[in-house]
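Have a look below at one chain only, the form predicted on its own, in structure tokens format.
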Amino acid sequence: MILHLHKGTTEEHAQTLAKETKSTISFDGEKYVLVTSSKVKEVPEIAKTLVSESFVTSSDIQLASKEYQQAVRTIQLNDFAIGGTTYNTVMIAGPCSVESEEQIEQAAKLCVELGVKVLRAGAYKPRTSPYTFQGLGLDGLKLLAKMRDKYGLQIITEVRDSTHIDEVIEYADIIQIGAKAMYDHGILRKCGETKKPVLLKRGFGTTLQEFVQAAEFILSGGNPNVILCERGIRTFETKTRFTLDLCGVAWLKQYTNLPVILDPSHAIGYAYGVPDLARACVAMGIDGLLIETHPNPKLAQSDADQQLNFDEFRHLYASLNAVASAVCRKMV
């Protein structure tokens, strides 16, 4: 159950009530919001004098549920927004990893050329093998910040684990929590303390319930700016890297109030399929795409097979406006 306290409630009273009702507590700028277990269906007697509104939900997907808030949340991304009634579909593009200043600057220039406003690249890489490129770390974050300052782009980059979460929060405009870090409660809780947008990727063995409940950790910590990202799940199929769960995306759109972004690059794992998948994603009326593109994918130090070269990305991006328009959306 979600409890909105009266706007005049003091922090002391709110904290005491949260403790007595075993609730999480956050402040949304106007009022304190308490969330207790979804098994609670009536306002606790001790809370009745302080509660202005209450919301009963069917599961512990609560703050993210349309049972609580019917409208999709609006997430402000600098000079534009996604979600809400914006009907914007944001393109997020760039290489898998920051490899050098020359490489990331080429990607930044491509974004400027096409009007893409968000540059992606990893500085800390959660690789499957310890013997592969692990990212440039803090130096990579500084290169991304340099591209933001030089070209006016927003930066999204991934948190690998909780040891460098503060660095990523400091340098990134949008914090990405990857599929392998989705269950790291240290990361989730730290992201709940900031107000920066957080893009949460679905784990490849994660149910939709588990996925959105991970988002609840961020929301219940006080950060309302959470974006869900479907990037493929592991199935019996071996011909592609993962299976892009568009059925799951339909469920997220129907039952949650969070914007949804799709990552076809990681889903299929091979560049040849990314354009068709991307167009299918946009046709679903989603809030954004995450596409990997590299100046020379054959030389990429991570995920070489799935990254589009710049010409391939240009052709893909040119084809998306018509698809977006057909479903009454706009590529930004």
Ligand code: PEP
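Numbers for residues come from their place in the sequence shown, where the first is 1. Here the structure is a predicted model, which is why all the values come from computation and not from measurement.
FYI, the form predicted together with the named molecule isn't displayed, but the following is about it.
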item	value
Contacting member of Gly83, Gly178, Gly140, Pro197, with respect to the named molecule in the predicted complex [4.5 Å, heavy atom]	Gly178
One residue of Lys190, Arg73, Arg148, Lys125 in contact with the named molecule, assessed in the predicted complex (non-hydrogen atom, 4.5 angstroms)	Lys125
Touches the named molecule in the predicted complex: Asp303 (any heavy atom, 4.5 Å)	yes
Proximity of Glu158 to the named molecule in the predicted complex, heavy atoms at 4.5 Å	yes
Contact label in the predicted complex: Cys96 to the named molecule, heavy atom within 4.5 Å	yes
Interface segment, criterion being heavy atoms within 4.5 Å of the named molecule in the predicted complex, picked from 170 to 178, 103 to 111, 254 to 262, 212 to 220	170 to 178
Within 4.5 Å of the named molecule in the predicted complex: residues from 27 to 63 (heavy atom criterion)	none
